[in-house]
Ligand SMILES: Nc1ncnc2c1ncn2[C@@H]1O[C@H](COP(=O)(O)OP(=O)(O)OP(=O)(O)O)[C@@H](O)[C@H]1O
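One chain comes next, on its own, written as structure tokens: the form predicted alone.
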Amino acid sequence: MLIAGIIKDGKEIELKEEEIISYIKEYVNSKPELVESYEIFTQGQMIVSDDFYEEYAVRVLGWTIVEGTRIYYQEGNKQFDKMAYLLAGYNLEKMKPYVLENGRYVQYINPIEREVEKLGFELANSKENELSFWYPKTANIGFKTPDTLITQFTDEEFRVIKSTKFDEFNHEALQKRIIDAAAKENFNLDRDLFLRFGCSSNKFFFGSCHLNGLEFLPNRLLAFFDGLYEKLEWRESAELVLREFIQTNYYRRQIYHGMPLNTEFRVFFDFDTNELLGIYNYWDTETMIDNLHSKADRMTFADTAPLLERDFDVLSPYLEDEAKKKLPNANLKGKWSIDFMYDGNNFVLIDMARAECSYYYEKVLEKQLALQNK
């Protein structure tokens, strides 16, 4: 593992920190095509310093730079052991790759990711993504699911949320409706609950999702509104969902301000053909390391990742078998992503969305494309 230097073409070049820029500069200036490329890269900048050589080396050449306590690398780069550097205390700084288009450098977007983004945008506000749509269709197909209570926000409540005038929200009226609905549906409010909207959860600030009693609902909702109101911008209504908080018989460390790193899976299934399109580790190691922003969360994840990978490898064949048998019983159409959490005994169906709106769908399309090209 490098203390300082450059990783290129899978080879480590050990350098002193003060030698890194000069090494890159000498390399670029030794090749006329790179001199021209670098000049294009720096066009439009008011002030150009030698520091741009490092950014150019990462974004355009795909090199990895180890400097001080930081590592600068191009997104998707798998030529170095990220986990080892992470556990050694380095900060990983991901940079988007750049490509030359029409005489200037622009951020590269994988064509498959671009297609997923387009498809996801078209379905992002579909009512099919609401929990009230898919939950009744999957609650009795053979998988364990959390006990669930759905409450519709009133027009006035929804107006307040969208206008961000949270101090005008009538929490007492909402709580009364919840208590009345719970009594009618025999839903137990006296237990740990998971709070979410019908279309999304606030999992990146998990403390706002975990409800220990209805008296804490107003405080939790304020954090919820602040984190999610933008997702309601194009919606005409919204639903508040209280769910049984699924407990596991094992302990895991937490990220996202309180979210346990439980063993979870994302299954993609085509309900038109009853075909399982793929099953993926919800906590995919490469994806998580690239996208966790908190160093504390990264360290926690790095310590837990081997256990998550082991569980995925051992349990995914069993989940795949259950999914193929049980998911066709759901009265759904189209391609979906279905999230499962393993509680130590059962695979619990905890969330769903249209596949095109879901992370990892690009992996499904990449697999399909690879099969077509064989």
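Start at 1 and count along the sequence shown; that's the residue number. For clarity, every value in this text was computed on a predicted model and none was experimentally measured.
Omitted from view is the form predicted in complex with this ligand, to which the following refers.
For the options I350, L365, I21, I13, the one in contact with this ligand in the model of the complex, meaning a heavy atom within 4.5 Å, is I350. Comment: this ligand is not present in this chain, but in the model of the complex one of L319, A305, M341, V28 has a heavy atom within 4.5 Å of it, namely M341. Not displayed here, this ligand is kept clear of F80 by more than 4.5 Å at the level of heavy atoms in the model of the complex. Within this chain, R196 lines the site of this ligand in the model of the complex, having a heavy atom no more than 4.5 Å away. Although the partner is absent here, D270 lies well away from this ligand in the model of the complex, with no heavy atom inside 4.5 Å. Contact check for Y73: every heavy atom lies farther than 4.5 Å from this ligand in the model of the complex.
Screening 159 to 167, 88 to 96, 178 to 186, 202 to 210 for residues having heavy atoms within 4.5 Å of this ligand in the model of the complex returns a single hit, 202 to 210. The partner is not shown here, but in the model of the complex the stretch 282 to 301 reaches within 4.5 angstroms of this ligand through a heavy atom at Y282 alone.
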